[in-house]
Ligand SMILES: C[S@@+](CC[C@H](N)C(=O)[O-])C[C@H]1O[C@@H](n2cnc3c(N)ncnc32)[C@H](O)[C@@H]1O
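Okay, so here's just one chain, in structure tokens, the form predicted alone.
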């Protein structure tokens, strides 16, 4: 079956009008903030793929090794003929480990970037010609339901990369509850979670020496210039990321290097020197926190795997 993208209602997708409204609202608020999902246009998604290959960015390397080691156990827990549904699929690199181990009836990737999704699905269809692919271009947090998937009734969700950490605690709980609804009473969720650790290790992971993470953050300014006729000068802003130990999270911003004025979608905004605009959080969890949040969303931990240094965890959650 050939892969194709199911177009959902415009109100459910991060289209240009969604972007414009979110940016204008975020720059008008105090403190200023723009939702992290808008970092992932085609260029942003490609830059994030490069981040995942950096030596400082241990998350992808460690999670991939956990999945490679335990993919057979995951497949055994999932059973035959499952529908593998990936939330925020990106390049679908890690999902290949599960596709190889599980041989699911259908793979349904969900991603906000249409261009990135199309490219990834073309590669997957080439490498897995017999795999049924039902690609969904959408913000997974805006989905009220999934399209009817062929050949399978059991849904297995996949949310890798510690993407759960990009959500505020109340948003993370909302995601768990949404996933519980979308996956149904017989479904399960495979979740990647970055664990709390030495702050210096965390700082290095989000401030790489090659500057790729900085380019990823500042790409949001490029996108606003391109799509919203903004006048950001990229060399007048800097990437800033640090670990907030009290809240257990990495905080990421772009920061103004001088007093300046910028036009965005015909609106004028002034920035003081040192003023920051928040773009992303990355919360770090411990296992008791994960268990507590799962229970609140009517999940329970069926199995959890970590690396030897307990830097990262992959959890298998089932309905409580």
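Residue numbers count along the first chain shown, from 1. On a predicted model such as this, the values are computed, not experimentally measured, just so you know.
This next part talks about the form predicted in complex with the ligand, which is not shown.
Only one of 40, 285, 271, 254 comes within 4.5 Å of the ligand in the model of the complex through a heavy atom, and that residue is 40. Only one of the listed residues (163, 225, 125, 207) places a non-hydrogen atom within 4.5 angstroms of the ligand in the model of the complex, and that residue is 163. Only one of 178 to 186, 84 to 92, 207 to 215, 239 to 247 places residue heavy atoms within 4.5 angstroms of the ligand in the model of the complex, namely 84 to 92. Proximity of residue 232 to the ligand in the model of the complex falls outside the 4.5 Å heavy atom cutoff.
With a 4.5 Å cutoff on heavy atoms, residue 139 counts as touching the ligand in the model of the complex. Residue 111 belongs to the set of residues with a heavy atom inside 4.5 Å of the ligand in the model of the complex. Residue contact check for residue 48: one or more of its heavy atoms lie within 4.5 Å of the ligand in the model of the complex.
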